[in-house]
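Take a look at this single chain, the form predicted on its own, given in structure tokens.
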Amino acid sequence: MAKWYENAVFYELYTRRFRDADGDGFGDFAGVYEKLDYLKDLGIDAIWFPPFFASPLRDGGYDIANYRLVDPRYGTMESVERVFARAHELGMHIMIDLVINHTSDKHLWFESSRRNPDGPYGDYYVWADDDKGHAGTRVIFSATEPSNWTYDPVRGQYYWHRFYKEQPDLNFDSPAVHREVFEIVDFWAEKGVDGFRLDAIPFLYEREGTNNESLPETHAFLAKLRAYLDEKYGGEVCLLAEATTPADENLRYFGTDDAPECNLCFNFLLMTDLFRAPRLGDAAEIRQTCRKLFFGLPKGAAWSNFFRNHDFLTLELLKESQVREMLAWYAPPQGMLNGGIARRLGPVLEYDERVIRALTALLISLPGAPCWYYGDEILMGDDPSLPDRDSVRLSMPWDAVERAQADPNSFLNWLRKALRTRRMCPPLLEGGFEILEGGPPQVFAFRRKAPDGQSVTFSIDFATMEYEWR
């Protein structure tokens, strides 16, 4: 029997903008608690919380200053535990971000490391006497950061960072850093967390002469972490990899049957295909991606299939000609920033529910665990005039939710029914996957067959955006 996470419907709940219970303009866990029944009724099986820890919020909370403290703007530890407990009562699981590639420069570890190089935290970060090392490694936030190195006048050395300079990278060559990570995982698992999304996981290690991404040492660490979790929690606590890497590299984050790594991986390649196919009126790219990705996975491994999340609609995996097409089709006036497009599902597809419903039907029919982004169930808008990724992180308009709930023809109510149908259909939850060949080039069709022999065939025509389950 499949583990809970293999086919669960995940919902990314951006706490800061989801529900503000105390009226201070900052979403909080008291507000989340008020809306748990709404999520259950929608058909959500697991809630993913981006970081809610103590943070200067230079990068939306992904610059963590203390992994064990709840930022008071979100509430208290008690309010977090109350949400976790109620979600479990409702049959929903909890996933949180595990941000271990870097910390905030306000973290006690970094403050201690820079002031006392010979102290207990001296090797927690990657330091060098000059900024010449790892030349050629791409700068991810190139719009704001000229280099991956920044000079620290206190220590008198340069420190390494793959994102903002306020986010120094941890040194995974330090055994003490490994111990810290395992202790953080235990701390939150004991509070009721069922899974961890591994943020920016390809960048853990640095080796001269490489691109410093997806190195063998990173995979060895993930196998070590997975083995620890499986032994201690019986395989019920999962790992979800955020790895924007080419298909062959992405598959490696599942590990092998003998050395498993992540239980789930975000399906970035499929994500871009979903936005390309309706414009192309052709199924070739999606068919090719599914042939690459959905066969031969290790036991218990599954893709997390999604449209959008709190980040950019990334274009990193596309060819140059495909990037130009995506920008022409979907980019706001300011174009691309840091390798992606900051748009939400509704606006980027021009609120065309015929297209959105067909693509959603495809998404929830494929093998794996669909992941929904808060507000996309009502096709809420974005604001491209806002800087960076704030465009796709607006406050949830609860008055619009109420209107959608009252409208029997709304996308919200269609999605609720579609997810209920999926839950009641064994082939869509645990069925195998067979691509049906020989049809017109614009049609993508596949069969899902359950162990008991029940089967469902799904087809979608990207020229007309008609779809069918049968």
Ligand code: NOJ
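Quick note: we count residues from 1 along the sequence shown, nothing fancier. Computed from a predicted structure; not experimentally measured.
This protein has a second form, the form predicted in complex with 1-deoxynojirimycin, left out of what is shown; the following refers to that one.
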So, F141, R197 and H310: all three within 4.5 Å of 1-deoxynojirimycin in the model of the complex by heavy atoms, or not? yes
Where does 1-deoxynojirimycin sit in the model of the complex: which of 130 to 138, 152 to 160, 319 to 327, 385 to 393, heavy atoms within 4.5 Å? 385 to 393
Using a 4.5 Å heavy atom cut-off, state whether H102 contacts 1-deoxynojirimycin in the model of the complex. yes
Could you tell me if F411 has a non-hydrogen atom within 4.5 Å of 1-deoxynojirimycin in the model of the complex? no
Can D59 be called a contact residue for 1-deoxynojirimycin in the model of the complex at 4.5 Å between heavy atoms? yes
Although the partner isn't part of this model, could you tell me whether Q167 comes within 4.5 Å of 1-deoxynojirimycin in the model of the complex, counting any heavy atom of the residue? yes
Sole residue of D376, E213, D71, E242 within 4.5 Å of 1-deoxynojirimycin in the model of the complex, by heavy atom: E242
